[in-house]
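Below you will find one chain, with nothing else, as structure tokens; this is the form predicted on its own, and questions on how it binds or moves follow later.
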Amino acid sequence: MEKKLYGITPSGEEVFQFTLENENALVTLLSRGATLDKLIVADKNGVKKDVLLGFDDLEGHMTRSDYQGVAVGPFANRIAGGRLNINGKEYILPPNEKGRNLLHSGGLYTEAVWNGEFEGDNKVVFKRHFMDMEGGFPGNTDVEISYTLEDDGTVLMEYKAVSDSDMYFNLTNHAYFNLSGFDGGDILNHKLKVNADGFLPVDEYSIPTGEIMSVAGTPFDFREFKEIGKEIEADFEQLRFTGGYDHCFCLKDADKGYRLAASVIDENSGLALDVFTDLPGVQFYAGNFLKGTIGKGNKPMNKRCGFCLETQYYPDSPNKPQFPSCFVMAGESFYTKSAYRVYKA
């Protein structure tokens, strides 16, 4: 375990880096954005690889990021028109995507500097208090995000929040993976399996229509392992709308709580990723909009050189009463957990 100064923001806030390590993995975390910064594991040849896209310095995280590794909240993904209706009162948060959507809560949790501390010998806990109407969201809110490095290399992420206002909470991590390493080229040959029979179709602005579409007979059928690139360019309206995969999959067994949500295998490195969650959905994003931004090792992060599997409640669920609810009453505790495990396949 190690804690060291990583950098200082333009406003003078100190950002710290935390390191957790055991025989199966090394993890670094940053207090800005409660960020999962590095995940280093040995591949099939014993070569240690950092399988997360990201940056080597604070300036990169602050000025060039596409949400690499950050915690997102209080509501991850998209809210149509930035409109939240809570107990008959409408809150309108300025859209930050396509002039129409609120994406990832405008970066409220992402851009915040959190108070981080070690807990025990394998856990880092980040805490922050958000004031009423900070970022446009109601409620004085205490949030806690923790990362535990378990013995088998699993990175367990736990999210807690309590507010003095009724509120919608939907927290996630936005890690971009490449199991060949951050400099491993595109991820189109990675094979993906998702524990889902349906996904959420979206409109041309990436807002769910409110329906659930069966994956059967579509390019979204990942019920068995399939290369990410096999059908990503198919002539299919949902792929055209988003330039590739950027959709929420409706996970099976939502009533069973914490379980396996998705798996990925990279035959090149011999590494696999398992994603676990107690949540009803996972957003699969294939890095369609990465545009060559310079990241770790001075390498460009080109289109589809990383993928995300963001565990979450469904996008725009505050405006879709038919979706699973993430409404939390004032004074009640919100809690959820998810995990990433990278290991030799």
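The structure displayed is predicted, hence computed values, not measured ones. The first residue of the shown sequence is 1; numbering continues from there.
Another form, the form predicted together with a small molecule, is not on view; read the next lines as being about it.
Annotation: in the model of the complex, residues Asp50, Lys296 and Phe307 none come within 4.5 Å of the small molecule through any heavy atom. With a 4.5 Å cutoff on heavy atoms, His190 does not count as touching the small molecule in the model of the complex; it lies far away.
In the model of the complex, the small molecule lies within 4.5 Å of some heavy atom of Tyr285. Contact annotation for Tyr67: at least one heavy atom lies within 4.5 Å of the small molecule in the model of the complex. Taking the partner from elsewhere, Leu93 is found to have every heavy atom lying beyond 4.5 Å of the small molecule in the model of the complex. Here is the short version: of Glu144, Asp246, Asp183, Glu231, the single residue with a heavy atom within 4.5 Å of the small molecule in the model of the complex is Asp246. The partner is absent here, but in the model of the complex a heavy atom of Tyr176, alone among Phe126, Tyr109, Phe220, Tyr176, sits within 4.5 Å of the small molecule. Considering the small molecule in the model of the complex, the lone stretch of 112-120, 136-144, 72-80, 264-272 in range is 72-80 [heavy atom distance within 4.5 Å].
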